[in-house]
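One chain is shown next in structure tokens, namely the form predicted on its own.
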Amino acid sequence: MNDTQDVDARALAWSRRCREELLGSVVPFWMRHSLDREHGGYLNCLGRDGRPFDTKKHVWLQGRQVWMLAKLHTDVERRPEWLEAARLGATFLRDHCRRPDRRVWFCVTREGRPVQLQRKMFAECFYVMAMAQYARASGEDWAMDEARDVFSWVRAAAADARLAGRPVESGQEPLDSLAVPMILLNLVGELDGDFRGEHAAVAADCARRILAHAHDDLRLVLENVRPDGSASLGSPEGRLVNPGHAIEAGWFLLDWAKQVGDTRVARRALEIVEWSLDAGWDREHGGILYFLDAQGFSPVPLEWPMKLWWPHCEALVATAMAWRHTRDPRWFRRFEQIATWTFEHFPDREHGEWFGYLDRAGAVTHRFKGGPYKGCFHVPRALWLTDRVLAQDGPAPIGPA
């Protein structure tokens, strides 16, 4: 067996492992513990064994779970129980979480009474994702109408944060967040099905804005830059580096570039992933650090040295895609480094699913499987995408194939 054949065989073995983890541990955990058949939607604050420790429902996680279940139904296997579970969430979102002004509550009670409205647009973004994918899975046109209607508000709020209730003060330095063009690029893929449809120009602009965060002189992707793309290194906000977020941006860009045939952006996307792994990988303990400071100061977020589930999930996808795109064994070695550390530290072999929060050395700090920020999304999405990328001839798109 030559080196290429050996790597291909190892890739297939990892593909099978991801699929077994997805279908044997992760999805069954959420199907068993989270479905709220009494009130609709999902219980998302779940302890290690799946028992709820809070019955409030965080709406962006409701949307993410609808998307994931609907995606499993369309792209893995048409199981009626997955579609029924997606419908349970989609109808709860429609009936209880969307406001007449096209805003979406951030948190509601178990029954669906409002608890909190966030001064951000991300609950609305995941509402759009949920409804677009549910429409494709179910064939119910009302859901796509919902997605398009709320997307129009999201586009406006992305251009003017004041629409989300966030004031702009006179002493505030204008900074563009990486999160905004990333999520918009993702939403275009969901609404149009690819990046060459109705919103192709929006996707292209999002790619341009993501690239503005990549700085060759630093070999880093900055989380916040000035509107012209220049670095603002005089404050912790301007120096903030989130390696996991940058890695996710890299695979989003690679997916976009492959679909539209932009080889320059594809090369840049690979650089973004490489820089972020070089900077974020903890050479002492392994794993990916949560935050960094671009100039080596102590990062302000107290959780900066922790190892969280989602950056490792994004790194699995990004390095698998980079290997598949280049067929360079160097990328596969990086994938295996990340996959080995991730599978050794995050999965819970006793109760299923993955822990989300580890200390720098890799010990579990929080036992729960779901909370206000962790739900049925990053782990199953990464396992599904990694399986698909490693097993087939090309990366799965952000939107439906």
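Please read these numbers as outputs of a predicted model, since none were measured by experiment. Counting begins at 1, following the sequence as shown.
Absent from the display: the form predicted in complex with another copy of the chain. The rest refers to it.
S.K.: Ok, 239, 73, 103, 312: which has a heavy atom sitting within 4.5 Å of another copy of the chain in the predicted bound form?
M.R.: The option sitting close enough to the partner is 239.
S.K.: Using heavy atoms only and a 4.5 Å cut-off, determine which of 113, 155, 196, 78 is in contact with another copy of the chain in the predicted bound form.
M.R.: Checked against the cut-off, the match is 113.
S.K.: Using a 4.5 Å heavy atom cut-off, indicate which stretch of 325-333, 213-221, 263-271, 227-235 touches another copy of the chain in the predicted bound form.
M.R.: In the other structure, the partner sits against 227-235.
S.K.: Going by a heavy atom distance of 4.5 Å, is residue 357 a contact of another copy of the chain in the predicted bound form?
M.R.: Yes, residue 357 lies within 4.5 Å of another copy of the chain in the predicted bound form.
S.K.: Indicate whether another copy of the chain has at least one heavy atom within 4.5 Å of a heavy atom of residue 300 in the predicted bound form.
M.R.: Contact with another copy of the chain, yes.
S.K.: Is residue 341 close enough to touch another copy of the chain in the predicted bound form, meaning at least one heavy atom pair within 4.5 Å?
M.R.: No, no contact at 4.5 Å.
S.K.: So, in the predicted bound form, is residue 306 in contact with another copy of the chain at a 4.5 angstroms heavy atom limit?
M.R.: Residue-level check for residue 306: yes, a contact with another copy of the chain.
S.K.: Scan 167-203 and note down the residues that get a heavy atom within 4.5 Å of another copy of the chain in the predicted bound form; none is a fine answer too.
M.R.: 169, 170, 171, 172 sit within 4.5 Å of the partner.
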